[in-house]
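First comes one chain, alone, set out as structure tokens in the form predicted on its own.
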């Protein structure tokens, strides 16, 4: 994965909770849980699920999720 953001936190997804249009993805990073709000469509496109390794990518006030590959 190549991305310009320097604040990449690698962790493991502990929960994916979908709402009507937005999902909350909880990622454990070094014993701390980071939560990202992303679209349900993004969850489906990335195939996000609990137990999977992923990145929290912090840029300004937003948190996104990224995967290797």
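Residue numbers count along the first chain shown, from 1. The structure displayed is predicted, hence computed values, not measured ones.
Missing here is the form predicted together with another copy of the chain; even so, the following discussion is about that form.
Residue 58: touches another copy of the chain in the predicted complex, heavy atom cutoff 4.5 angstroms: Judged by the heavy-atom cut-off of 4.5 Å, residue 58 is in contact with another copy of the chain in the predicted complex.
Another copy of the chain contact at residue 50 in the predicted complex, heavy atom, 4.5 Å: Looking in the predicted complex, residue contacts with another copy of the chain do not include residue 50, since no heavy atom lies within 4.5 Å.
Close approach of residue 46 to another copy of the chain in the predicted complex, 4.5 Å, heavy atom: Residue 46: contacts another copy of the chain in the predicted complex.
Contact label in the predicted complex: residue 9 to another copy of the chain, heavy atom within 4.5 Å: Result yes; residue 9 sits at the interface with another copy of the chain in the predicted complex.
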